[in-house]
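Take a look at this one chain, the form predicted alone, written out in structure tokens.
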Amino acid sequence: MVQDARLYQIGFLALFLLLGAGTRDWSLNPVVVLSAIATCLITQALCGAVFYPSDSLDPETEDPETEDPATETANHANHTGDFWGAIALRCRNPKILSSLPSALVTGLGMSLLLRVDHPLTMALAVIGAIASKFVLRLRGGHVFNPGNFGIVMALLWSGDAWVSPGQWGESGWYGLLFLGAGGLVLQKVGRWDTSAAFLGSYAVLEAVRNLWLGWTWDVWAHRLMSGSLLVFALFMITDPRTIPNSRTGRLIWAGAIALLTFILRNVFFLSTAPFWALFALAPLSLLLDWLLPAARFEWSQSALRLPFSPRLASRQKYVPE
């Protein structure tokens, strides 16, 4: 049984891409998708080589008599001033390989949600997304959801990028597929409460508006069955590394995003309201972690390992609340 939930995300997001291109005629450009995936992986590896410490093993648990050759050599290179040797060894940091599934999730997610006219626009967007994880940090965590950051930057600074909320149409089959796949992933990472709070809060707000205006419930169902909204709620807003660690914090945070999404969509008529709401309220996650401290999420198991990294991978674990 696969323990790393990121592998399920990768499988489902790839399936959604193929399904959308095959049944919804999105006219996806394979060059754009491949450029997004390749750029994500390369940027993650380069940023990891620069920002991850070469001695990433925990010194408190490290046994000097059994130190692995890669770490020992890296420390020697750093101490003796061998610049290129240190760079080469940094590229062998086991944390780089174990972080690549997260980068692949970002690349697939952005390929699913963001549309561009030129592959370079997508490449710049994913570079910004991955780089934000390493540069925009506070209290040891990401400030922004990487995929959301890349999408918002592309919408802000590029004239050929857009998000199409209605690309999945209104078929209930897609909604059931998203709910089933998203439910499986969220059960693995224990963050189903975030999606439930967001969708439940947003559904109540839209229901109140529907009653106020005297509209039929078909309108309400139409606004909630948007495929892009479900993908956002199940696969983007639930990134366990960028949401509050405590359950109470997650419920407050998801409710606030639902409220801002409702305002942006119905007052300012922004069709991409969920993405702007998540971007604007991302720093609130750090404040809630400070006010409501809880165990920080860690991925349960590295999907990929280098031969010299058994001890680092074995220390990664999921700490449930």
Partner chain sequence: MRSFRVWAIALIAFLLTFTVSSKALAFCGFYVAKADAKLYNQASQVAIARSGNRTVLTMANDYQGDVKNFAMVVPVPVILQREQVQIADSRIIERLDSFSAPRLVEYFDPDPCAPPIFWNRPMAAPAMESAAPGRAGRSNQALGVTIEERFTVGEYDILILSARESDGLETWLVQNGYRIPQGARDLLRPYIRQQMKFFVAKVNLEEYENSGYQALRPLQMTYESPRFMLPLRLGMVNAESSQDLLVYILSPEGQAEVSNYRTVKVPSDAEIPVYVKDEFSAFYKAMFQTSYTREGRNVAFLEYAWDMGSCDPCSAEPLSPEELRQAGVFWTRPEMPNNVFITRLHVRYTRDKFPEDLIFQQTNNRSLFQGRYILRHPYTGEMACEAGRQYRRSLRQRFEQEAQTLARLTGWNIRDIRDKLPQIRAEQFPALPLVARLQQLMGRVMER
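Residue numbers count along the first chain shown, from 1. Bear in mind that the values here come from a model prediction, so they are computed numbers and not experimental data.
The form predicted in complex with its partner chain exists for this protein as well; it is not shown, and the discussion that follows is about that form.
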Open item on the list: Looking at heavy atoms inside 4.5 Å, which stretch does its partner chain contact in the predicted complex, given the options 220 to 228, 189 to 197, 175 to 183, 97 to 105?
Closed with: 220 to 228
Open item on the list: So, Gln167 and its partner chain: in the predicted complex, are they within 4.5 Å at any heavy atom pair?
Closed with: yes
Open item on the list: I'd like to know if Pro283 sits close to its partner chain in the predicted complex, meaning any non-hydrogen atom pair within 4.5 angstroms.
Closed with: no
Open item on the list: At 4.5 Å between heavy atoms, is Gly214 in contact with its partner chain in the predicted complex?
Closed with: yes
Task: its partner chain contact in the predicted complex: Arg209, any heavy atom under 4.5 Å - done: yes
TODO: Heavy atom within 4.5 Å of its partner chain in the predicted complex: which of Val50, Leu34, Ala295, Leu287 fits that? Just give me the one.
DONE: Leu287
- [ ] Counting non-hydrogen atoms within 4.5 angstroms of its partner chain in the predicted complex, say which of Leu205, Ala123, Ala161, Met153 makes the cut.
- [x] Ala161
